[in-house]
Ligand SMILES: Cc1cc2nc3c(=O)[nH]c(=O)nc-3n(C[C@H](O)[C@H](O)[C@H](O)COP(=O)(O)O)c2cc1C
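Only one chain comes next, encoded as structure tokens, the form predicted on its own.
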């Protein structure tokens, strides 16, 4: 135990003092490419790193659809867009991994610059617009790393600008994962707003359900998604989101990821607008989890995504109704020890509240 703790401190210090300082000298998208290449270096012993990062304790086992996952901390979509980092990410200590978001055909996304750091707020603004290698190459990666995908609950995030694109993606990817997340919420892809219409969403879900063999998760927009203009006119109010959720429940959707980045205007990016992620989203995530759990009842899964940076926030979200929490931006600002820290904190809170495990905690909610 002492060896593990000292090793984790060294990893943490190395990231904050050395690695992050170098990465932050570069454009954020280029820095992400550096991270991606480093995750694929063949000489890094990721299984040994996993020994250090994983918190192996049955008290953290979490009911998740018809499975039990090792802990309630997941990797959000966007970090591993092309399913190319599974040898590394499956050793980060997550209870599940979300890869993607992937599109049916290869696409380059929006014009650069399309990613900007808000360092003081531990946040990012992005207008990536779903750059993707496309389904065919994505599946090649899944097959290449299938041994890693078997060790961790794997969700694939998909999207498209038509019902046909999303249904085709679902059919092709369904055999390679444990769940499919359908992203209808990107602030950087205006065409996705067609699925904010309840009739269009119903049509989509009816078509997907014809081929359903794994759980379906819908990734929702936040309460306030903006049609970016000078007046920041608000397009979607809370009632609109709840209407979409009701339609999802009627269509037997199994879970929700709440939520995506919050749209804001910015002159820093070529598109003139983007979605903000990171620390500043936490309060909105908490409010949405509380409202959604009250609205949908006990059973559907809620993945709380947005602004989670520490164990205290994760514990509060779970106590307010989240099944799991998802991380992405906090990995960039805090490093790969963050899932370990959150899971250790959750164990302490279970003990403090005299709760045996997360199974009992969720039964009592």
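Please read all numbers here as calculations on a predicted model, not as lab measurements. Numbering follows the first chain given and starts at 1.
Absent from the display: the form predicted in complex with the named molecule. The rest refers to it.
- The partner is absent here; in the model of the complex, the one residue of 76, 204, 142, 253 having a heavy atom within 4.5 Å of the named molecule is 76.
- The contact with the named molecule in the model of the complex, taken as any heavy atom within 4.5 Å, belongs to 183 out of 155, 183, 71, 91.
- Proximity of residue 179 to the named molecule in the model of the complex: non-hydrogen atoms within 4.5 Å are absent; the residue sits far from the partner.
- Contact annotation: residue 339 falls outside 4.5 Å of the named molecule in the model of the complex, judged by heavy atom distances.
- Remark: residue 277 counts among the residues lining the named molecule in the model of the complex, judged by a heavy atom distance of 4.5 Å or less.
- The named molecule in the model of the complex is not approached by residue 302, whose heavy atoms all lie more than 4.5 angstroms from it.
- At a distance of at most 4.5 angstroms from the named molecule in the model of the complex, all three residues 32, 81 and 130 contribute at least one non-hydrogen atom.
- Contact with the named molecule in the model of the complex, defined as any heavy atom within 4.5 Å, is confined among 208 to 216, 162 to 170, 195 to 203, 99 to 107 to 99 to 107.
- Contacts with the named molecule in the model of the complex, taken as any heavy atom within 4.5 Å, map within 318 to 351 to 326, 327, 328, 329.
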